[in-house]
Every structure is written in C-alpha cells, then in structure tokens.
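As a starting point, one isolated chain is supplied in structure tokens, in the form predicted alone.
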Amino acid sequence: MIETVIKGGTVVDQTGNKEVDVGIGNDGNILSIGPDLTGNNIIDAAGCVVAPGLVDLNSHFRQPGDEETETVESGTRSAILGGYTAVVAMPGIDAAVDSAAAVREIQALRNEALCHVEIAGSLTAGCKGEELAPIGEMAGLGVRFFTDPLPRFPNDLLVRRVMEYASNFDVTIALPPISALTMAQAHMHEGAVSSHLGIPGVSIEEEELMTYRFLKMCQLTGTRMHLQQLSSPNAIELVAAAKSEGVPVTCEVSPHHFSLTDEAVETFQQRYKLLPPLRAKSHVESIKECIVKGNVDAIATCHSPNPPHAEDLPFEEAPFGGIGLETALAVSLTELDSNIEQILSLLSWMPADIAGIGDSHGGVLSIGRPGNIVVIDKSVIWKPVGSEMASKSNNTPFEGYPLKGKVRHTIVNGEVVVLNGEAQR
C-alpha cells in the first residue's frame, strides 16, 4: 500500500523529465510512479521539481571535539533544509578520522543524523602529512572516501606513497589543491584587491601547480582521485584534459567560487574569508563557463561552520570557512546559465556516483529505490539570514543576497523530514 504520494510535480532525474506522481511504501522505498496516485499522506508538489535528493561531497560537522560550533544533528538538519539526503563528512585538522576507533566513533554519531552521512577518512595520521593512516583498516569498515583537508605533503614521494597504498582498496582519494603552509600566511586571493587592502594573498597559480602535481601522481598510480574546491579555471581545464587522456579523476567547485569575488573582502567581514579564497571577477565568470561546458563533475558546499566569536575577530585573525548547505541549490539556480537537469546532475547523481552511493542516492527515481527525494520550488525569491539557519554557525557568505529557488520538501528513506520548508524533527 502507498503510504506517501508526492503529487503534482515534474520529476527530473537522470533519465529526463516526466509529469508523474511518486508513491512511497511503508518500507521507505518507491512503490509506484505514475499519474493520479493515491495514498495515506499527500505531499503537495504542484508547480515544483521532484528530484533525487542532493548529495554533498564536502561537509564539515566539527563533531567530535567542537560541538559548540556544529554537530552531526545540527549539520544534517541544515543539510535536509537545503535538499540534501546524503553528505560526506570530512575529517578535520583537530578531529582526524585516522583509525578504526575514530571511524566507529563517527558511525555511532550517525544515529543523530537526519540524513545519510558518509564518512571520509584521513589519509595521514592526524592529517599532519607525516605518516600514512591505516586506510585499509578504515576501508574494511566501509569508508570509501579519504582526504586530508589541507594537504601538508612535503614532497611528491609522500603523495605517491599515499596514492599507491590507497590503490590497493576500492576507495577514492579526495584532495584540495591548496597548501596548509601557504594559507597559514595568506588570507585572500593575491591580486589588485589584496594589494589595495594590504592583506597578504595567495596566487591562483599555486592552485594550478598543485593540481598539475596531483594529476601526474594520479596518472602514475592509477588511483581514483577527486579534486576538491577548485577555484581556478585553468586548474579545471587541466582536469578536463587529464580526463580526456583516461586519468581517473573528477573535480568539484563550490557555489561561492562561481558567484562571489574577492571584492567582497573589502567589507572585512569574516564570512568572506573562504578557502580557497574568493577569486577575481574574471575567474568567477570563467568557472561558470567551465560548468556549462561540462568540465566540472560536482558542486560541493565545503560547509565549514566557525565558532560564534569568530565573526568579531579582525579579518586576518579569523578562521577560514562559511556555511553552505542551505544555500547551494539556490545559488546554483540563481547564478548558473544552465538548465535544471545539468544543475541537478552536479548536485545529485554525479556526486552520488563519486561518493560510491549511487545505488541509494541520486540516479533515477524508480520503483524499488529508497525514497530519497527533494521537492524544489524554483519560483521562490528569498534572502538568506545566517542567524535563522539550522547550523550552529551563522557565517553564510550569502547573507542578504537575493536568491531564486528553495526546497519545499525533503524525504529521506521515505520519511518526510522537511515539509513546506520546515524541518520536522
């Protein structure tokens, strides 16, 4: 018997568009797809897009260790309000996931989650870039994604050792091509704005050099690699060229890198201190072109909450980071000259495949699949207010920006967790 019917919307998934209802059974799986379905609960989707739930490849929840800033519960509540049914939780410099015990601790925290949480393990012990973490041990517990949030690899030999070791397991190595050592001394993009403000910056060429370095190691070892948070159009083109030669690599960009420029830093507000830094307007426009051309595989939020006191710190003393789970979809719909199918592919089924969870998230809304679904109202115009968001942090870089498109409902494993824009638990 159909328990819940999502009624009156346009289904958009990997197979295209169709005007049908979606019925979900008591077991949380899709039971029926077709016109004029009836069930115990009717979810109104009139005028909306009904799609596979979004999947984020880059979320930071700060737990365990910094529960004041964010928890799995608050982070995943923010996720479902943004239409996400699955997220990949990143390890942190202060909360490395570098052992079986650490993995089990995070797995226990998933009981508090409002959506699926995929765990990313650390590549090196303590994310310090000195000793390899026991990747095989963690892979045995189901971890399929491994990263060091800010690479501290001192030389190419260590990069090669990491990739060769990881190639023994069915895992993906995820790396942001920006150095922890560089960002300890730089606070924004190096360019005309940084010179005017007198703030030390990091050149975009550094990202391009590291991207090239990682790509050559990927080519040498054959290890599956995902490059995170690319902010350089040239770096994206390097990835596209490598893919055309058969290198097993994918890449992501984040919404703020195709919508905001380094001119925002002139306000000296901490919410614009992001990593990688906001780039020049010409870079932002070129990244949009890269997305439309199909050279980007995923849009990922890099949701990075900061403690409440951070917003009161001088810009150069403030930590990097901004929250993004509740705004990523709307920013993409507002800023990108792409159709809804391409945007959803970058936010849903392509990241699901990269994360290795395409059997239950993203893909196609079909009978027998788990009911992981988002309902999107593209007509809504709204302005984000950080203090009103579900995250414990309010450091959204899109504070007060007019955005188009909002999540109306989110369904996770058949449970309606967001109804008419309100979290249900």
Partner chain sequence: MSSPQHIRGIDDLGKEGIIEILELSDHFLEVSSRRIPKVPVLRGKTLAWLFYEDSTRTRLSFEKAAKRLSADTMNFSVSSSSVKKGESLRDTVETISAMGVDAIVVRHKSVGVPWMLPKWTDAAIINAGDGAHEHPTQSLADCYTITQKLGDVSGKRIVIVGDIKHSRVARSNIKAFTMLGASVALVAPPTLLPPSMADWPVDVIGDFDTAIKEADVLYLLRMQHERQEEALVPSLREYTNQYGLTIERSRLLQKSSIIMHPGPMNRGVEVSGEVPEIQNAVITNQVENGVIVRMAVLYHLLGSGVTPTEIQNEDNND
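Positions refer to the first chain, counted from 1. No experiment lies behind these values; they were computed from the predicted model shown.
Beyond the structure shown, there is the form predicted in complex with the partner chain, which is absent from this document and is the topic of what follows.
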Heavy atom within 4.5 Å of the partner chain in the model of the complex - the one residue of 157, 101, 192, 241 that qualifies
192
Looking at 73, 353, 311, 263 here, can you tell me which has any non-hydrogen atom within 4.5 angstroms of the partner chain in the model of the complex?
311
Looking at 169 to 177, 220 to 228, 314 to 322, 280 to 288, which one sits within 4.5 Å of the partner chain in the model of the complex if you count heavy atoms only?
314 to 322
Distance check, residue 163 to the partner chain in the model of the complex, heavy atom within 4.5 Å
no
Counting only non-hydrogen atoms and a 4.5 angstroms cut-off, does residue 197 reach the partner chain in the model of the complex?
yes
State yes or no: in the model of the complex, is some non-hydrogen atom of residue 212 no more than 4.5 angstroms from a non-hydrogen atom of the partner chain?
no
Across 333 to 357, which residues bring a heavy atom to within 4.5 Å of the partner chain in the model of the complex?
none
